[in-house]
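Okay, so here's just one chain, in structure tokens, the form predicted alone.
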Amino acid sequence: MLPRFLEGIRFADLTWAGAGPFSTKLFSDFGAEVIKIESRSRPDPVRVGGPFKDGKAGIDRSGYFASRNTRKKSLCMNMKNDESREIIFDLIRRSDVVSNNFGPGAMERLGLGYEDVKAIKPDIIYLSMPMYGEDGPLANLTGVGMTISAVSGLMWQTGYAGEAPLGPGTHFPDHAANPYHAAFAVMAALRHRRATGRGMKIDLAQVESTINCMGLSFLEYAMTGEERPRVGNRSPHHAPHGIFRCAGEDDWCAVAVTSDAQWLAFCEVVGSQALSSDRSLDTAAGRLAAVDRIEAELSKWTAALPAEDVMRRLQARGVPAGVVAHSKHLMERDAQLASRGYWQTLDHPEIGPSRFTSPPYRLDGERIELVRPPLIGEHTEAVLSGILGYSPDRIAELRTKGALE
């Protein structure tokens, strides 16, 4: 069994929804003890937002929640209850990281701002993930992944030439940009504390984090004063470069010719006399000038073939190509993912045996073995008694007072 190299690190995790829980999942999968602080009266929105197993709604049946919270522990408490304040203070005293993705001021109103937390745990690492950061003229505005895609410019950039912006089709900031930036910052803070003994506050502005993933566009504007136009799946350097309709109900294949040698192989595979005999297409500049004609010829060829055939024929001649896969294809037909054991089946008390995505990295050749996500409040008593040392009578008293809801 691969050792979990973050064992011994504990999070008091107040994050919810998308980016925050995905950030702390990266730590829990590697062995950190992430204690997710929840409330039945105001649950994590992805717990109640689905998609639900078999279409049956339930607070412990959300696939979205399950995928973002593997191996975590769930501690239920009513954060507005005075007794709960002491519980979370006791937990923070025994934790290494406090994490939240609320708007500015929310933690302070709970008495859990950085200065409050630092007073009881001087070397704490404090992760805050507000949309715009904690200062500046827009700091008090809040939003979710799609909002961040809009205000960062990602929406504006994503679309077809001459058409309105479409956006990336998913909450890219929640799934990629912000969780990994946050995790990197926390790892750096942990290393800093190990070297110096000092904690740190991390103010991660999610808009800024997302902009960092679009650096080339901003660099281009800074150098030329011109905005990068929307180009769909085309490339400013190569042609053909895009996705093309194949035989089937909604099947597509991505094709990218990135060199003159690939172009010659491409022409032989496609068998288009009109393309192969045109010497003006032997260079990248010539192909870019004729991109509409090339794509029309390619589309005629791909439309008659299954996407897998298009991919195999082109790949066999060294031309980059890949099926545009949907979820069913990836889970049932992708031989690469199957051979690496990418899908892990975990048994869950509410949703039964279900498949989960593995972390996309291995250590010494071994994959990270996942542990199922928690039921809401599943570890409340274990945390209170095992970590905080509360007696059964004390726990019963807290329940009576409404602190553990």
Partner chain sequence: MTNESAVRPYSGIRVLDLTRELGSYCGRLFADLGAEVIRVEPPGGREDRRIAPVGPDGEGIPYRFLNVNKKSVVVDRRTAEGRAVFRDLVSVSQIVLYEAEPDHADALAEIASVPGMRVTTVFSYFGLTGPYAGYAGCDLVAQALGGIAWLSGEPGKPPLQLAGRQSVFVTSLYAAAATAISLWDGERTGASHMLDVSAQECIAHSLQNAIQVYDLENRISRRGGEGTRDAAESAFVCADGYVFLCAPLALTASWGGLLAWMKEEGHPGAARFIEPDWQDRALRATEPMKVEFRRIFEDFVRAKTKNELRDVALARKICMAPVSRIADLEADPQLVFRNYFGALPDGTHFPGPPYRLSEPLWRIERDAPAPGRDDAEVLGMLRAASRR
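Just so you know, these numbers come straight off a predicted model, no measurement behind them. Residue numbers count along the first chain shown, from 1.
Beyond the structure shown, there is the form predicted in complex with the partner chain, which is absent from this document and is the topic of what follows.
A.B. asks: Among C76, I92, C246, A205, which has at least one heavy atom within 4.5 Å of the partner chain in the predicted complex?
C.D. replies: The option sitting close enough to the partner is A205.
A.B. asks: Identify, from the list A296, I120, A304, L219, the residue with a heavy atom within 4.5 Å of the partner chain in the predicted complex.
C.D. replies: Comparing distances to the partner chain in the predicted complex, the residue within 4.5 Å is L219.
A.B. asks: Heavy atoms within 4.5 Å of the partner chain in the predicted complex: which stretch in 105-113, 83-91, 308-316, 279-287 meets that?
C.D. replies: That would be stretch 308-316.
A.B. asks: Do D292 and the partner chain share at least one heavy atom pair within 4.5 Å in the predicted complex?
C.D. replies: D292: no contact with the partner chain in the predicted complex.
A.B. asks: Just to confirm, Q273 within 4.5 Å of the partner chain in the predicted complex by heavy atoms?
C.D. replies: It does not: once the partner chain is placed as it appears in the predicted complex, Q273 has no heavy atom within 4.5 Å of it.
A.B. asks: Is S152 a contact residue for the partner chain in the predicted complex, using a 4.5 Å heavy atom cut-off?
C.D. replies: Judged by the heavy-atom cut-off of 4.5 Å, S152 is in contact with the partner chain in the predicted complex.
A.B. asks: If you check in the predicted complex, is L264 within 4.5 Å of the partner chain, heavy atoms only?
C.D. replies: Judged by the heavy-atom cut-off of 4.5 Å, L264 is well away from the partner chain in the predicted complex.
A.B. asks: Counting only heavy atoms, which residues in 243-281 are within 4.5 Å of the partner chain in the predicted complex?
C.D. replies: Counting only heavy atoms within 4.5 Å of the partner chain in the predicted complex, the contacting residues of 243-281 are I243, D250, W252, A254, V255, A256.
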